[in-house]
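Take a look at this single chain in structure tokens; it is the form predicted on its own.
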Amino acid sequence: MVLGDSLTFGLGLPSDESYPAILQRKLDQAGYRYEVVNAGVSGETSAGGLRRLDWALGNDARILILALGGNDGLRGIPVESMKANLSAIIDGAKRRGAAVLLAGMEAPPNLGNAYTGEFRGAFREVAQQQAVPLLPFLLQGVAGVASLNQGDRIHPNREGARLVAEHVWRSLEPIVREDAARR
């Protein structure tokens, strides 16, 4: 399950080119028997993700990739609120027996150095407090690179989504391997 926003949804891309769809192909190619569910919703915040957690996880989610926070940062939502929401999502996933990979985001610089620093640190703090692996920045190597993003300069294009999937896969594959060994 990939719980996220428009970046996860694959805004502006055919559904089979979103990074969760690419992760599905990687799982299939590696011989893992998992179904990736893209629970990305454009404009979603951490509070919205928390509200739809039960629906998103269903009854059998084994692994949750938590990729929320970007819209919190764009809206200047207090970092403490975002941290509380992310922690509650992780708690809910753990109660259901799902492993969690937390994907960090960056806040836009126009909100000031104090906010952007606190925002960046929030993901590390939540990951440490919750003892879950952290992918420090979902868009590592893609954000700010014009040739890897659509015209809005926010959402990855086809090649950008492929690179995001590669980046996520490096952190996800060990979690999948461990989960598959326990089955």
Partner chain sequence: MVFVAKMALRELRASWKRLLFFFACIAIGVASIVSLRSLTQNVRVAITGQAKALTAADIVISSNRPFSSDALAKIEQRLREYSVTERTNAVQTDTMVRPATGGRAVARMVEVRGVEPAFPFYGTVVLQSGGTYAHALLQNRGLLVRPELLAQLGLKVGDALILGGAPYTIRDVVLVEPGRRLGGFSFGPPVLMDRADLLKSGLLSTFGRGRYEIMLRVPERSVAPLLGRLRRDFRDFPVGARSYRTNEDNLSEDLMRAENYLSLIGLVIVVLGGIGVSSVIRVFVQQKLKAVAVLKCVGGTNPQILAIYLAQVIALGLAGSAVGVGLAGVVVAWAPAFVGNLPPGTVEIQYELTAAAVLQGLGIGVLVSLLFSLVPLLQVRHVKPSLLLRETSVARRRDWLEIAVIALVVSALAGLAIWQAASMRVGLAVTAGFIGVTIVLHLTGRLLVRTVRPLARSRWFPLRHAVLRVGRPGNQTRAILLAVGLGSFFMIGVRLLQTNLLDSFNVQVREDGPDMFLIDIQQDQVDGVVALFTSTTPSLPPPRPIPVLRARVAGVRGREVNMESYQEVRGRGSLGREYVITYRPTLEDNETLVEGDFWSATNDGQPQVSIEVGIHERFRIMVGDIMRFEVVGRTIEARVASIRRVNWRDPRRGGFMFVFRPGTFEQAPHAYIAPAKGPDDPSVRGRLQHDLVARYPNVSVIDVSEILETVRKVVRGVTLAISVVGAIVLFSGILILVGSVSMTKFQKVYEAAIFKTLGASTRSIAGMIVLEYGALGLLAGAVGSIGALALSWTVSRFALDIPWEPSPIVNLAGIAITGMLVCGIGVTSSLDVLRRKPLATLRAE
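Numbering follows the first chain given and starts at 1. Not measured: the values here are computed from a predicted model.
Note that the form predicted together with its partner chain isn't included here; everything after this is about it.
Stretch 44 to 52 is the contacting one of 44 to 52, 62 to 70, 23 to 31, 126 to 134, since its residues have non-hydrogen atoms within 4.5 Å of its partner chain in the predicted complex. Although the partner is absent here, Pro174 is not a contact residue: none of its heavy atoms lies within 4.5 angstroms of its partner chain in the predicted complex. For the chain shown alone, Gly151 is a contact residue for its partner chain in the predicted complex, at least one non-hydrogen atom being within 4.5 angstroms. Gly97 falls outside the set of residues with a heavy atom inside 4.5 Å of its partner chain in the predicted complex. In the predicted complex, none of the heavy atoms of Ala84 sits within 4.5 Å of a heavy atom of its partner chain. Scanning 3 to 19 for heavy atoms within 4.5 Å of its partner chain in the predicted complex gives Phe9, Leu11, Gly12, Leu13, Pro14, Ser15 in sequence order.
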